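Coming up is one lone chain in structure tokens, specifically the form predicted on its own.
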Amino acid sequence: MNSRSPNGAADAPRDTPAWTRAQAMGLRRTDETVAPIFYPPAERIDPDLHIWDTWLLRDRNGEIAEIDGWRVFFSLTASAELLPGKRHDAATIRYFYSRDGRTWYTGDLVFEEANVFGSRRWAGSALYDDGRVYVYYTAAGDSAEEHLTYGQRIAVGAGGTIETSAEGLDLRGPWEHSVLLEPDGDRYEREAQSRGPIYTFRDPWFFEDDGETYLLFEGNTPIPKGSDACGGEETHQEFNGSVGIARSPTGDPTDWELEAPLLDAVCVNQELERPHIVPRDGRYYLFVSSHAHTFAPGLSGFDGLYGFVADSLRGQYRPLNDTGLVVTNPENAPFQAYSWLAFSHGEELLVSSFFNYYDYDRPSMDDVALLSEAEQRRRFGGTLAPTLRLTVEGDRTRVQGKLDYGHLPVESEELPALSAFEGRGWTGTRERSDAGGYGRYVDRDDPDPGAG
């Protein structure tokens, strides 16, 4: 473990576990961590929408909520007429509902009212408690801005109710909105303190443990100039992501106090996005998503799901699979999926994500802008990706199979027996096919590339 003081000084240790450069130096794709290639589905959940960061409605125990046989997921959405790269600037939160976890119906916007705390709403989580719905979100920007700004604060819309019928589900307000958390400048960096390429204070995720109520979130650890963190290497100090946590002193899901981070990645990575915990076998599995371009100089990571495990919520988190890498995309489709969410299903974990850019194997997402607008739209999935199946044994994980696009099984659903599978990326001939308007890479190890 590597410890630092709140200002990043290595000579004044504190108790925050760290993802270290030594651990991240070992990052590489392996059979255990690489997902199979995804191909365009026969149809998207909603062809009129871009759908990306997604979260499930859960109860206080962390179980997926079922209301009269219906389950709900929330997602950031934007009109499919927008260029995919512009979707974050117009993000809205919408809900979707299903009885079987396979066929999803599009609901309305969660909030019809304007965002009084920012110019747009980004990802969060949702709690169903005693008939009331709490939707936690990131209030980004400034409601009075003339040009896009990137300030972030953690907010909630509280008080929603759900009505059901045989035909569907309706989520309604009125909602009471409030800002719950803002960075303190000591444990969590304020925007004015940021020296890194990306500023973060977002992605609230509700979690209860042993009678205590928490919110996890993504933040940055303040590292002032002149600190000896990272051996004094200032270009490394700019990469200072952390997993933050707040506790509710009363259990009220709208009452929170900041606490010291659970984990930091100073000198390693700028963004530990969408943090969430899955308790399992007496351990705490902490997962985050991150990008290839947010690793510090000298490190070569991937767009992927990263994970850590500890024996208690405030324990000494150690990286899964030695480096932290749990799931990544194939080398020849490095940006096919993103924004992974892990949850328990029987003896295994399932991992959902959204279908990002496919038929695209350039080393950087920056090159997307070099494509024509038509090609940018064609290559963006904009719907839920196939759900991955993950086995976990102690500190080791393995990608063991996949389900169909957006298949989020109900609790009682029996899945096929697990078995090792092939087809993680191409190992032989790569071909282009433009049939049906899609370009795609054909994996000769996969006899049926369209199958879920």
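For every residue, the number given is its place in the sequence shown, counted from 1. All values reported here derive from a predicted model rather than from experimental measurement.
Same protein, other form: the form predicted together with a small molecule, not shown, and the subject of what follows.
For the chain shown alone, Asp203 is a contact residue for the small molecule in the model of the complex, at least one non-hydrogen atom being within 4.5 angstroms. Among residues of the shown chain, Tyr360 is not one whose heavy atoms approach the small molecule to within 4.5 Å in the model of the complex. The small molecule is not drawn, but in the model of the complex it has no heavy atom within 4.5 Å of Val156. Although the partner is absent from this view, Asp303 stays clear of the small molecule in the model of the complex, with no non-hydrogen atom inside 4.5 angstroms.
In short, of 336-344, 261-269, 364-372, 240-248 it is 336-344 that has heavy atoms within 4.5 Å of the small molecule in the model of the complex. The contact with the small molecule in the model of the complex, taken as any heavy atom within 4.5 Å, belongs to Ala123 out of Ile223, Ala123, Leu325, Leu215.
Though the small molecule is absent from this view, in the model of the complex it lies within 4.5 Å of a heavy atom of just one residue from Ala296, Leu76, Leu171, Cys230, which is Leu76.
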